[in-house]
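Quick setup: one chain, the form predicted on its own, written in structure tokens, and binding and motion questions come after.
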């Protein structure tokens, strides 16, 4: 095994700031929805808006970084056979002690299932939350925007559905990060130090 630097300082900072803001949005959002009671509606609503705009700025910076550094290639979907191999591994192989079908390196950090999950996050869950959220925030200006015929209820329901999808994503993400690695604290340790243990054969530059 070789200790390889997989996660840059910016990537780790972006990851943890995004996690903090998403958790803040979930907590304040569910309070605005009336599911939990902690800060009060007004304060939760104010904090929710601040966290939402902060996350939008962070995402803009992150995508600029991904595009300019070529890191966006990490999210290109893998062939179907590799995706199915990962599904089989997590559903059966991991419990039988079978070898992992994917070996990560600096240029291929995400396995095929992770790539699909992150892509779904960015093209499905994210847009659902952002579009419905921005439309919701713009409610006082609907008449000026020609949206006065639109009902607020379906917008709120779509936003809430997106929140539950995001919560499910976080739960699965955390579960797999903690339970599918042989390292203490799972893959979370790598997102703190930037380093992970990978097979020696995979540690070199594949190009």
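Source: prediction; values computed, not measured. Positions refer to the first chain, counted from 1.
Only in words, not in the display: the form predicted together with a small molecule, which the text now covers.
S.K.: Taking heavy atoms only, is residue 95 within 4.5 angstroms of the small molecule in the predicted complex?
M.R.: Because no heavy atom of residue 95 falls inside 4.5 Å of the small molecule in the predicted complex, the answer is no.
S.K.: Heavy atom to heavy atom, is residue 122 within 4.5 Å of the small molecule in the predicted complex?
M.R.: Residue 122 belongs to the contact set for the small molecule.
S.K.: Taking the small molecule as it sits in the predicted complex, is residue 112 in contact with it (heavy atom to heavy atom, 4.5 Å or less)?
M.R.: Outside the cut-off, so no.
S.K.: Does the 4.5 Å heavy atom contact test between residue 187 and the small molecule in the predicted complex come out positive?
M.R.: Residue 187: yes, in contact with the small molecule in the predicted complex.
S.K.: Check for me whether the small molecule, as it appears in the predicted complex, comes within 4.5 angstroms of all of 102, 116 and 198 - heavy atoms only.
M.R.: No.
S.K.: State the residue from 39, 36, 62, 56 whose non-hydrogen atoms include one within 4.5 Å of the small molecule in the predicted complex.
M.R.: Only one option qualifies, and that one is 56.
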